[in-house]
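Shown here is one chain on its own, the form predicted alone, set out as structure tokens.
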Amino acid sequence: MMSSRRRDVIEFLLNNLVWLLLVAVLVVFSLTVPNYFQIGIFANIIEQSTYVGVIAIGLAICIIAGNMDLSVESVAALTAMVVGILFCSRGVGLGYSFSPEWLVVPISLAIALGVGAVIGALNGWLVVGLKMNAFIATLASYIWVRGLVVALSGGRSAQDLAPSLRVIGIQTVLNIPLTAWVAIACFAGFSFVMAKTPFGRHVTMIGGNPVATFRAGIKVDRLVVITFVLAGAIAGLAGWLLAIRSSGATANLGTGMLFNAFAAVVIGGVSLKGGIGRLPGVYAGVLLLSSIHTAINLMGLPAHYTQMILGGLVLAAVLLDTVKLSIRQRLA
């Protein structure tokens, strides 16, 4: 019989495999890629992880709960465009301002979170209320929300964001952009919520066995709707950050982020079967993808190499998920 200590070691390695892979990749690239081992490069990797990372949080929570939300990319684009239209002064921007001017920050953030939460609530209603398949329902939302972005903007861009918002985009703390610290704080906060609170434990239980969770007296439908609302609101935050980084918004802002976020979630150890996954691993997955992308840029390789490696990592992660499930069953 396997000893308790050995079982704990194996479980620790399974839960933190992506972190070990990230360290290995950083060491290899630092030794083999010219100019890679620099503080500025590592800070850039963290910054690149900001927007995809924030979107990945909500996506991961939905997948852990046994569902899927493919609309998060489009929701981020919509909230960015709404913020841009309201608080940009050129293009399609209306240039609204407040006195004092710093009120633009909390008001714009509240609007972004609200817009995202509304779309998330709609997705939750489609899945829970109308019993639609989450993949199909949120795929439809992905399409129509992106169309709404184009309709609102007329295909034009919003430019010259309010100064108080632009300041956030250029501020750094310890050489790391303030927006990246927002993403790190989100990961820390939601990691605590998912690991240490009844809400997080119940969401994980739903993903593992919704019938047993319902029989245990937990309100499954309500929690599922909340996960979709959270995913939408978090995507709204990502859109707010994107608008700040871009000092505005375009109709195609954020295109392709969904696939990177999905890859990071899978590589980070979240099981597509639901009920298994930790948000720190998702952040490690985002950092891993950014590290690889940065190395490819420094080596001057074509951009399609990134997509090839990304596809290979996703396939490897899905296969590894099956292997880990088999190992855990043996440990049980």
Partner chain sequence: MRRIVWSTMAALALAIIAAASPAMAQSKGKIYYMVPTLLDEFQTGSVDAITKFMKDVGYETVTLNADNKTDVQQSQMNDVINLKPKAIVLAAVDFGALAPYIDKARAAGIPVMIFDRQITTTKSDLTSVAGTVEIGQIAADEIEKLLKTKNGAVKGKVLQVLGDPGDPYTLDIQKGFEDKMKAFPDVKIISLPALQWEASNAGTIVADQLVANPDIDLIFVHAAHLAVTAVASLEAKGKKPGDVLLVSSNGAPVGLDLIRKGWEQVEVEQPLYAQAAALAMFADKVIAKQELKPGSYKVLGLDSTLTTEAWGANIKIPGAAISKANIDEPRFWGNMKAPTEPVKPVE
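Residue numbers count along the first chain shown, from 1. All figures in this text were calculated on a predicted structure; none of them were measured in a lab.
We do not show the form predicted together with its partner chain, though everything after this point is about it.
* Asked: in the predicted bound form, which of the listed residues (199, 181, 125, 98) lies with a heavy atom within 4.5 Å of its partner chain?
  -> The residue in contact is 125.
* To do: Name the single residue among 130, 185, 94, 211 that comes within 4.5 Å of its partner chain in the predicted bound form, judging by heavy atoms.
  => Answer to the contact question: 130.
* Just to confirm, residue 256 within 4.5 Å of its partner chain in the predicted bound form by heavy atoms? -> The answer is yes: residue 256 has a heavy atom within 4.5 Å of its partner chain.
* To do: With heavy atoms only and a cut-off of 4.5 Å, decide whether residue 237 touches its partner chain in the predicted bound form.
  => The answer is no: residue 237 has no heavy atom within 4.5 Å of its partner chain.
* Asked: Counting only non-hydrogen atoms and a 4.5 angstroms cut-off, does residue 139 reach its partner chain in the predicted bound form?
  -> Residue 139: no contact with its partner chain in the predicted bound form.
* Within a 4.5 Å heavy atom cut-off, is residue 159 in contact with its partner chain in the predicted bound form? -> Residue 159: contacts its partner chain in the predicted bound form.
* To do: Go through 202-210, 217-225, 160-168, 98-106 and give me the stretch that gets within 4.5 Å of its partner chain in the predicted bound form, heavy atoms only.
  => Every other range fails; the passing one is 160-168.
* Contact at 250, 297 and 300 by its partner chain in the predicted bound form, all three, heavy atom at most 4.5 Å -> Yes.
* To do: Output the sequence-ordered list of residues from 53-75 with at least one heavy atom within 4.5 Å of its partner chain in the predicted bound form.
  => If the 4.5 Å heavy-atom criterion is applied to its partner chain in the predicted bound form, 53-75 yields nothing.
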